[in-house]
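So this first bit is one chain, no partners, the form predicted on its own, shown in structure tokens.
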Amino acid sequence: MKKRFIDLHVHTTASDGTLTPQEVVEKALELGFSAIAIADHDTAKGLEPAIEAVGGRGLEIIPAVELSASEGESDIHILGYLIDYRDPKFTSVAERLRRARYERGVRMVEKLNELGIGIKMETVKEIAGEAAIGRPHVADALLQGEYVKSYDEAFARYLGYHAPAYVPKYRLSPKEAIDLIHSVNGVAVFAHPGLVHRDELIPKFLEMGLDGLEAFHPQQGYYVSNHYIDLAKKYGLLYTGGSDCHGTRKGKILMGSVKMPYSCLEALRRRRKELEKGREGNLAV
């Protein structure tokens, strides 16, 4: 029997990826994936174009999102899998986050202007297109205007944490993110915990209802992945993995660098059913 592989963490131009949902689908089909999760930042606008692009060619599109949260000074990303992305509870929060991202973009451009960098918000909007605006789009504007020579330089000199044009992003709390995912029938997973270096938060997130840890990621090597598999088993959590593909934004297309067995998707579906039964039980009390 042929093995089936999945990628549970892919971005598109609906957030800060460089590949359209249609291009992501073509790449996934080329690589022979059975399923991919479109997990754009704070939005689900890439899902329907991707589903339409499949056209019955045997690729499952898993509805997902990557929500931005914060805990103290740490950025925390919570992945939501199998979400009801059309639910008004989700769409209203996503729209609020979209507006906050736009306002943050305006403030970053203002700071750059104060530094003598003459980019305009109209340029950033044009680059972002239909996507929710983020720092990568501002970095692209800096590159386009030849104020920097590379994407990394844009972040190092102007947009990175503690850089002069950095503006903090509006974020949910981890509990708000987890609760939102559960409210739209999703499964909540702590994204790339090995990049956060705050393992002491995992028991706290578990009390909030966290369902899993992203053990496999291109920036989490063999020993780090095994560490998070062990922690997942210790706390009774799922473990997942994905390429965190942003198209060519990180120098190369990372889709295909992480291949998870199809059983990971089946485990997510089982967890979703368990959560549904738990909610039904609470309603019956």
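These numbers come from a predicted model, not from an experiment. Don't overthink the numbering: it's just position in the shown sequence, from 1.
Not on display, but discussed next: the form predicted together with a small molecule.
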Heavy atoms within 4.5 Å of the small molecule in the predicted complex: does H182 have any?
no
In the predicted complex, does K250 have a heavy atom within 4.5 Å of the small molecule?
yes
Applying a 4.5 Å heavy atom distance criterion, does D152 contact the small molecule in the predicted complex?
yes
So in the predicted complex, is the small molecule close enough to P136 to count as touching (4.5 Å, heavy atoms)?
yes
To verify the annotation, which of these, K27, K45, H217, H246, has a non-hydrogen atom within 4.5 Å of the small molecule in the predicted complex?
H246
Of R107, K204, K169, K125, the one that lies within 4.5 Å of the small molecule in the predicted complex (heavy atoms):
K169
Would you point out which of 182-190, 116-124, 98-106, 81-89 contains residues with a non-hydrogen atom within 4.5 Å of the small molecule in the predicted complex?
98-106
